[in-house]
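Okay, so here's just one chain, in structure tokens, the form predicted alone.
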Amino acid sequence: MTTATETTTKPATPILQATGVIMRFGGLTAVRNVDLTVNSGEIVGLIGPNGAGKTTFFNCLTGLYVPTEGTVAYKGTVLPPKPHLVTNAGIARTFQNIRLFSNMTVLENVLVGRHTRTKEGLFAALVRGPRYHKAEAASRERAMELLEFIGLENKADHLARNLPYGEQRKLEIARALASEPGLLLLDEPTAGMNPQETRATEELVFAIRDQGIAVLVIEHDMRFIFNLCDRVAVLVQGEKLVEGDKETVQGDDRVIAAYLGTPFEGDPGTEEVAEVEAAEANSTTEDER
């Protein structure tokens, strides 16, 4: 007697759910009603021409911006729009422009990322009792594990500013991983890299995914994105045009038109895009003051 074996596919578990996200700067709309889901074990790409609203959308996900409308949820819980609370919840990110502590060592930069996972407060730091020293030793051990993971364990005592560009990018990823995230957001991780560094970054992202961390990545390098990602979403002038696998995205006429600079229906025009970019830059400058 032959017994038929049924194969059941385990449903994907959503890690990130962005619903109806809209971001306006005054009367200008930078992100237009974007929905995006990242599931556990996935690497999802976010692409689009310059000025498409990709980094603005990232900033909405990580609490740097408060969306004008819409919600962002992590593992089913709506996140408060505060960066430190988003990090505490389990989302970490890197930035398009590297933001390391240049006068601190490589190890110290990673230890900064451990701050959200240590429970010792100011009093413990002042008293420096056995519990504090135990926690500090555990943090250093984990930081060194992460440096070994990215291949910088031999440069733990070097100043971050003295690292080559590609290694600074890797260090920023290690610092983000130090907060023990369930979701890692990478904003143009291969910008300025040569092909060998890009390939190493691709392998690193796969290794991160293999540790059970979902990844959402912005990138302009299409070969990198399509080699890396399970799904890709395309933003153009803040609107999500299409989402799917490599074949779906590459074969979409609207995506082709957007990258070739050909107008499509609903295109707000280059003047409005420039105004949105200027408004966003002004908002970012004010936030950093």
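The structure displayed is predicted, hence computed values, not measured ones. We number the residues from 1 along the sequence you see.
Below, we turn to the form predicted in complex with a small molecule, even though it does not appear here.
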Exercise. Among 224-232, 239-247, 25-33, 66-74, which stretch has residues whose heavy atoms lie within 4.5 Å of the small molecule in the predicted complex?
Worked result: 25-33
For this session: With the small molecule left out of view, choose which of 96, 116, 162, 105 has a non-hydrogen atom within 4.5 angstroms of it in the predicted complex.
Result: 96
For this session: Mark residue 49 yes when one of its heavy atoms lies within 4.5 Å of a heavy atom of the small molecule in the predicted complex, and no otherwise.
Result: yes
Exercise. Using heavy atoms and a 4.5 Å limit, would one call residue 188 a contact residue for the small molecule in the predicted complex?
Worked result: yes
For this session: Evaluate residue 220 for contact with the small molecule in the predicted complex, applying a 4.5 angstroms cut-off between non-hydrogen atoms, and reply yes or no.
Result: yes
For this session: Indicate whether the small molecule has at least one heavy atom within 4.5 Å of a heavy atom of residue 55 in the predicted complex.
Result: yes
